[in-house]
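Before any questions on how it binds or moves, here is one chain, the form predicted alone, in structure tokens.
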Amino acid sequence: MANRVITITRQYGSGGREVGQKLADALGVEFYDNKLLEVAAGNSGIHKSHFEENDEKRSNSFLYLLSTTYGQGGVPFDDALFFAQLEAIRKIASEESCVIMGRCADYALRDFSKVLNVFVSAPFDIRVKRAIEVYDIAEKHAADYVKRIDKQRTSYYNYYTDKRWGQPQNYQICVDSSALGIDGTVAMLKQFTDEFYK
């Protein structure tokens, strides 16, 4: 049987990470979020801390991009990190069923025969509330923080892919996690996954 691979792209504060973890548990498959960074580091020889520091964001500094290169080819370091993650995603998906969180995984696997790409969203006010209550972001900074993380993810995705972040045509299913709650969203996605991979 072919591997069942689900990618999840999410708005910050939508609960997408929790949805992904619980969906992986429900399906009995591995969940790759920070673990993906470990795989990319191990395969590339680049220290994991570099992946963590630059996770789903790209430096805006032109001088930084000019001054930081990797390897003999002089590849910008941000790009080297991206391509190492892309290779790790493709390797993982070719070897096992899994849920992969963010990091342009839907794009990385665009040539794979059957991948379920999911986008998890929620209304802005709910995401701000979650940022405060779940992620301990200070209330006075929470709205700006949510906007900033979404902007970083959008910029990263749009730079490295030929698609636009969050556009419905990139995904087989887009879901507002506030409509059914986290557990209800997981249950719906599990049912959708089972049907998708029949």
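Not measured: the values here are computed from a predicted model. Each residue number is its position in the shown sequence, starting from 1.
This protein has a second form, the form predicted together with a further copy of the same chain, left out of what is shown; the following refers to that one.
- At least one heavy atom of F119 is located within 4.5 Å of a further copy of the same chain in the predicted bound form.
- Contact between Q167 and a further copy of the same chain in the predicted bound form is found at the 4.5 Å heavy atom cutoff.
- By the criterion of a heavy atom within 4.5 Å, Y160 is excluded from the residues contacting a further copy of the same chain in the predicted bound form.
- I173 belongs to the set of residues with a heavy atom inside 4.5 Å of a further copy of the same chain in the predicted bound form.
- Shown here without a further copy of the same chain, the chain has A179, L180, M188, Q191, F192, E195, F196 in 179 to 198 lying with a heavy atom within 4.5 Å of that partner in the predicted bound form.
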